[in-house]
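The form predicted on its own is given below as one chain in structure tokens.
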Amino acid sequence: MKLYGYYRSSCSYRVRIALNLKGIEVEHVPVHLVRGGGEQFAPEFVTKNPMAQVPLLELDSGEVLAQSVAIVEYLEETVPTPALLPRDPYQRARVRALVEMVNSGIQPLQNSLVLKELTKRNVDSTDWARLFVRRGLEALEHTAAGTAGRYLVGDALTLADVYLVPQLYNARRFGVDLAPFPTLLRVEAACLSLPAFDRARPERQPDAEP
């Protein structure tokens, strides 16, 4: 399989973590989101993903999957061990809710394309990103306080943790003060102590830049 991604893309980061946790080796195909106006807009890539976004997982069959939620749930269904979704339906829904708080409630509002468009309209895009990342993390901290054990939902790793770590990476890039989020920071530290998370760090990727 091939994973098209960008080292600093939090959405690509999520998929790298999930692949590592599942023990799946893939070929990494860098797609630079800035160089030359963005390699994701190249016709050959848009043919594969009309949304012109990463990550994109190309299967051995040649079929492709876009969008990180679809990709990680495909991995969960095809490689069920270790499980990243609880068996209990309510707990499974709680995990998915935390995932969507990041995936839908935070990340799109600080996406590079959105920030670029805001800058064109004379909006302080960094201030915008900090505002919505901070608001989202406040909600995530409050929600996780009722579910967290060692990880965001109890003592077993779930997809919620896979989504948390890359979002905190982005928060630091935007200079968000993370001190008010002790639960999130504690869970992040537990995750980053694991080889699967450590290997997925942006700075460890072959296309990483200084």
Ligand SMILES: N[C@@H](CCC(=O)N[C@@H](CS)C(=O)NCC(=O)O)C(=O)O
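Quick caveat: nothing in here was measured; it's all calculated off a predicted structure. Start at 1 with the first residue shown and count on from there.
The same protein also exists as the form predicted in complex with this ligand; that form is not shown, yet it is the one meant from here on.
- The chain is drawn here without this ligand; in the predicted complex, the stretch among 152 to 160, 45 to 53, 22 to 30, 176 to 184 whose residues come within 4.5 Å of it by any heavy atom is 45 to 53.
- Under a 4.5 angstroms non-hydrogen atom cutoff, this ligand in the predicted complex has R14 among its neighbouring residues.
- The shortest heavy atom separation between N111 and this ligand in the predicted complex is within 4.5 Å.
- For N103, a non-hydrogen atom is located within 4.5 Å of this ligand in the predicted complex, even though that partner is not displayed.
- Among residues of the shown chain, T147 is not one whose heavy atoms approach this ligand to within 4.5 Å in the predicted complex.
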